[in-house]
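Quick heads-up: it's one chain on its own, the form predicted on its own, in structure tokens.
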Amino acid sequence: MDFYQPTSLDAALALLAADPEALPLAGGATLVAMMNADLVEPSALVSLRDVAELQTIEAAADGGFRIGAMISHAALADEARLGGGNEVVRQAAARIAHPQVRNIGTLGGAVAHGDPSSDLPAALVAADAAIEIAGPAARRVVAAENFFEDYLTTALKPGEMVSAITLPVQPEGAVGHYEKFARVHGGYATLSVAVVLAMAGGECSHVRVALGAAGATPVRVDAAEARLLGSVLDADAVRDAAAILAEASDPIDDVRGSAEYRLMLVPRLLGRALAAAEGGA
């Protein structure tokens, strides 16, 4: 197996284009484990460690952020500029596994892997993030909600990689919150809820909700958010929204919990997440 360590994104993309069996190496938290289990056997690894343009967090002129794909989960969790509604992404990064994994794993690697039980996908959908994709021919941007297509399947095409995540300006007064239930500390979610919420005059003026580990991709439903908008987040509104989300979910049975158990968690975790966000708002 060959190993390359380019210093520019274009050079990395050229190496990947020249060898269809080569794979990009970010932090390696997932890829190396898959290689050790003989699930993948790349002909070459293209390290992204020295690609400087993938390792920055830039504040946009409009108040949003562009976060390079090689930013570690630990750095993302510690990024104090991610407040307001974008706090949901920072909280999700802080809940990933344990410090050792957060120091090694990267934002781009986790997003490209597309595991619906991991923490970042639901948070990015709730934050209305966009995924920047770099390929040998062009660069493109895909909304996070459209990027995750199925279990471990994303919008990435052969030869492409995640180059950055962009977070928009959130509504004034918005607060983000990430609620996660896991069997053990640091484990994958049995169910998670990511919320971005704004209140005005005691009523919900903006809300985006995404469930993690509730299906093949993060679950977000316009009708559930519509039920919460304009409400005071009373028990009836939360119950109705949770029922809509549960109806749209298609969880699996696994060691972390049965599908029935995951659906039972939806109203409970949604209530907690909304209450926490409302308290912050």
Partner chain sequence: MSDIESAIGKSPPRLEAAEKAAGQALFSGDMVLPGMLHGALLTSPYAHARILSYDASAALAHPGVKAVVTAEDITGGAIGPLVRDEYALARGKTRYIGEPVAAVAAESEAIARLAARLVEVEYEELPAVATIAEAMAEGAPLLHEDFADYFKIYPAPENGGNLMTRGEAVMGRGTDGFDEADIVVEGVYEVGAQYHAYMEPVSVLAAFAPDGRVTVWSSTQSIFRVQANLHEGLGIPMTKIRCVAARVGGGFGGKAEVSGELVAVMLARKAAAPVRLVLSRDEDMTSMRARHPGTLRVKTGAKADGTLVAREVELWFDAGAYADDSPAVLSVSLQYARGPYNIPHVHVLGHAVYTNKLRFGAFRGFGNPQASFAGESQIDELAEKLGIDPIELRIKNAIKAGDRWLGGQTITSSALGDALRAVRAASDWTRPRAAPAGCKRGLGVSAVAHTCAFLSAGAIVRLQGDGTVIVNTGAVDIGQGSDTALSQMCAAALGLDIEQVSFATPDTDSAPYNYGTVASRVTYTVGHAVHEAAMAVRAQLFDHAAAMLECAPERLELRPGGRVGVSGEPARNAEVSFADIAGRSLYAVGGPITGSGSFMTSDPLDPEHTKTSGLLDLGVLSVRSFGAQAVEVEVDEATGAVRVVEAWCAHDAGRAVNPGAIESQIHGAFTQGMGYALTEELLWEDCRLVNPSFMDYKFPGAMEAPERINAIVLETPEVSHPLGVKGVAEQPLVAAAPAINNAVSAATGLRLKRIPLTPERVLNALLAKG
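The model shown is predicted, which means the values in this text are computed figures rather than measured ones. Numbering follows the first chain given and starts at 1.
The next section is about a form of this same protein that is not shown, the form predicted together with its partner chain.
- Using a 4.5 Å cutoff between non-hydrogen atoms, Arg183 counts as a contact of its partner chain in the predicted complex.
- Proximity of Leu270 to its partner chain in the predicted complex falls outside the 4.5 Å heavy atom cutoff.
- When contacts are judged by a 4.5 Å heavy atom cut-off, Arg256 counts as touching its partner chain in the predicted complex.
- Not displayed here, its partner chain is kept clear of Phe148 by more than 4.5 Å at the level of heavy atoms in the predicted complex.
- Residues placing heavy atoms within 4.5 Å of its partner chain in the predicted complex fall in a single listed stretch, namely 183 to 191, out of 183 to 191, 164 to 172, 86 to 94, 67 to 75.
- Of all the residues from 35 to 50, the single one having a non-hydrogen atom no more than 4.5 Å from its partner chain in the predicted complex is Asp38.
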